[in-house]
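Shown below, as structure tokens, is a lone chain in the form predicted alone; questions about how it binds or moves come after it.
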Amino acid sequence: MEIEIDIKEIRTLVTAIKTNYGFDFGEYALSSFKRRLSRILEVYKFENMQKLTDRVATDKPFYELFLKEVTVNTTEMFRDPSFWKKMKESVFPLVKDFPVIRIWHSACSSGEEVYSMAIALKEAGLYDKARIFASDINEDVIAKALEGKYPARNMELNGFNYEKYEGPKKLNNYFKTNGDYAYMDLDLLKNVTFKKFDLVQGDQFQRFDIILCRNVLIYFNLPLQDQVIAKFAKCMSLGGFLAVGSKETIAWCKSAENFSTFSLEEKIYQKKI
């Protein structure tokens, strides 16, 4: 039987996490946060929210597991192929003459999007001048990205996405399969830096020409979305590009005034000059 979760219990959990670990779930979209809490209660067989709160507050290894369960880590290579085609055909030509192309993958999860960008840049002849920064709050998924090891069964979908993107090669040019796993060519990471970073509370750190924050904002409430978009605006070069997910928009954020719409279909925005 599903355990009822009330707002007071969620606030108690959020306060315990912020007090003990400094991470603030207070501005996460309530509906999606509540769904994930329900799943954790069921999977880990907690009798009630108080038991979960006590465990999270006193058991740091379990908190790290909790964080992994609550944050969103589902991704694919070349997810939304039309987006990647737009990047290749319309964005890359506008940055190709930059001496250095600075790119930030925020909330990079297990790295599939980072490898997609590296492959796209390589095929466009731009990888050597690119400097890619990839961040996530979850150290476990960063470690997975650095290892470049993915279930072989996932590569069929990834390869299908790459074909729809109309890549000039085959995706299997960039990985080798051994048993149940595919191992990415780690040379694709030579210009990539991974770092644990809290998108909600972390400070902006340098200037970027392209920022990707895809399929993340949907899990934040509007004030937090605005806070994150304002952060991106501060650390983006004039004329730089911001990409969000296909089901997301920055239109309702006050900070959207810093951007013009570059591609409505692919949710790409350009910082105003």
Partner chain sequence: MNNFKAVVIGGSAGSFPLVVKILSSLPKDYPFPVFLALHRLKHIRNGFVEALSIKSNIPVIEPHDKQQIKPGIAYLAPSNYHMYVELGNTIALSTEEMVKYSRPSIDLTFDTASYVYKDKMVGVIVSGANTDGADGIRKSKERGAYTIAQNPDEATIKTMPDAAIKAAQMDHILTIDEICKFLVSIKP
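Not measured: the values here are computed from a predicted model. Positions refer to the first chain, counted from 1.
Below, we refer to the form predicted together with the partner chain, which is not included among the displayed structures.
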Notebook entry, point to check: Quick check: do 196, 201 and 257 each get a heavy atom within 4.5 Å of the partner chain in the model of the complex?
Noted result: no
Next item on the list: Name the stretch, out of 80-88, 109-117, 124-132, 146-154, where some heavy atom lies within 4.5 Å of the partner chain in the model of the complex.
Entry: 80-88
Next item on the list: Could you tell me which one of 237, 53, 215, 227 places a heavy atom within 4.5 Å of the partner chain in the model of the complex?
Entry: 215
Margin query: Is residue 31 near the partner chain? Define near as a heavy atom within 4.5 Å, in the model of the complex.
Written below: yes
Item checked: residue 246: touches the partner chain in the model of the complex, heavy atom cutoff 4.5 angstroms -> yes
Next item on the list: Using a 4.5 Å heavy atom cut-off, state whether residue 96 contacts the partner chain in the model of the complex.
Entry: no
Margin query: Can you tell me whether residue 65 touches the partner chain? I mean in the model of the complex, with a 4.5 angstroms heavy atom cut-off.
Written below: no
